[in-house]
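Before any questions on binding or motion, here is one chain by itself as structure tokens, the form predicted on its own.
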Amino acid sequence: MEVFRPGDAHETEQVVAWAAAERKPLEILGGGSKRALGRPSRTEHTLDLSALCGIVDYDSSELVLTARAATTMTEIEDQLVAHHQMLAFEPPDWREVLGTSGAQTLGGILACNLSGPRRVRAGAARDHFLGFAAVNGWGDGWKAGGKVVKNVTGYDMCKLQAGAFGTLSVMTEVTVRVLPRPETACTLILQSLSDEDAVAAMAAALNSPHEVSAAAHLPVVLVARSGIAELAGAATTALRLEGPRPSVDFRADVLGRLLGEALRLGPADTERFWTGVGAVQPFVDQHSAGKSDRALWRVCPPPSAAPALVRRVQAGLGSAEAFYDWGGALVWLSVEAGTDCGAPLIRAAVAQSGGHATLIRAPERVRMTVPVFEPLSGALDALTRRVKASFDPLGILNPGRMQEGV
């Protein structure tokens, strides 16, 4: 196996052109923090983009940042914090739960379309992705989008690349929209609600005019893993409010009257709690992260159907544990790995409720045989393969990362 480390976009084009000419598939690697996400790579060579790093342009007044794809999230966040700004989609850090190391990169976050708890208010990573430069499967450089929010360039290629896991193009530079960081934040805590009542309370809060920026529910068995001592001993439904201090205080008071008696976490505990929710901290193996005998599923059902879905899974897999994010639109399921990680039962439950399920953490042998992403119907599968062929006709970019043969 050979590892190619291009120093710039032009050298990246040369490596991909060589791979295309020689029919040599490439594993596309940034920081390596998401290497265990998706189907395992079975390529002979690796294209290591770690040298393509650094912020190219950051106009804080225009709320736009351009960086090379392998720029670390640490560098990005340091710059944004210095200007009191943020990536509104709240990129989560899954390294512990995946059992991986290496630095998170901006390109990797966008390629996987990862979004944290603020997804319910701010949208997904793809919604803040304005433009990029990339290399297709022939080794040709190309660009799409731009550096303004209202950029009109035809088909929105950013939406297509976000969530493609590097199977369509090798991104070398990306541009994202940033937003002002809230002045302060607090979290309202409702305790001892059933799953159904918690989902109803989260829906009421999110549908209110009080701009709840995150909503999650942890059953009592998982609350101790939140790291907030005051929450131990009762199921916890959490609602985050952000913005100017007078506004946050007013909205918290109104929601408290609307939903009933609530505890209130200050800014420091709020940040710690929601960072843990985004990082799936309740399911990080305490002894050997990512190497436990439990698999992790990320299920996105209609919120109102989420509690019934969890009950169906727990009826078939007695040791299954779950918690809810995005107001119930995201369910994290931890199950015993076994031979198939409960895939038939979980996918049957999803088919009944609606939505989709992704196998996030599982042994490599399982990820080779069980579909990691939601299986596609005939028409969608054919469309996916045509799109792949239009960008990477020889199938050399992360082949099989999302589906076998694609």
Partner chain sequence: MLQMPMPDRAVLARRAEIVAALRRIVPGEGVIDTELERRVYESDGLTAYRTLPMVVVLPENTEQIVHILRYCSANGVKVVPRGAGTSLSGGALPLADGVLLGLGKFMRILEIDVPNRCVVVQPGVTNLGITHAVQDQGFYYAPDPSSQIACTIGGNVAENSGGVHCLKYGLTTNNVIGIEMVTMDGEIVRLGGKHLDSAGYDLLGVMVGSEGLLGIVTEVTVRILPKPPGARALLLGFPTIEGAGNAVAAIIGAGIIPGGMEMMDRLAVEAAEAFAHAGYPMDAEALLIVELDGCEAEVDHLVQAVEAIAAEHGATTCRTSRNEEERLLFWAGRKSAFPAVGRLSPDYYCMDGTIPRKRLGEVLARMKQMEGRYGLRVANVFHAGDGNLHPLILYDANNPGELERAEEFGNDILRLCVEVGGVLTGEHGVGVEKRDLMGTMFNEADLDQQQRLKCAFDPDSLLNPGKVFPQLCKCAELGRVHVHAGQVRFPDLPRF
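Here the structure is a predicted model, which is why all the values come from computation and not from measurement. Numbering follows the first chain given and starts at 1.
The next section is about a form of this same protein that is not shown, the form predicted together with the partner chain.
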_Can you tell me whether A224 touches the partner chain? I mean in the model of the complex, with a 4.5 angstroms heavy atom cut-off._
no
*asked:* Quick check on S213: any heavy atom within 4.5 Å of the partner chain in the model of the complex?
replied: no
*Might E374 be said to contact the partner chain in the model of the complex, defining contact as any heavy atom within 4.5 Å?*
yes
*Proximity of G355 to the partner chain in the model of the complex, heavy atoms at 4.5 Å*: yes
_Quick one: S61, R251 and M402 and the partner chain in the model of the complex, is every residue within 4.5 Å by at least one heavy atom?_
yes
*Among 241-249, 228-236, 272-280, 314-322, mark the stretch whose residues have heavy atoms within 4.5 Å of the partner chain in the model of the complex.*
241-249
*Out of L258, A308, A203, V220, which one falls within 4.5 Å of the partner chain in the model of the complex, going by heavy atoms?*
A203
*asked:* If the cut-off is 4.5 angstroms on heavy atoms, which of these, A164, C186, V97, L193, is the one near the partner chain in the model of the complex?
replied: A164
_Members of 175-202 lying within 4.5 angstroms of the partner chain, judged by heavy atom, in the model of the complex_ = R177, L179, P180, E183
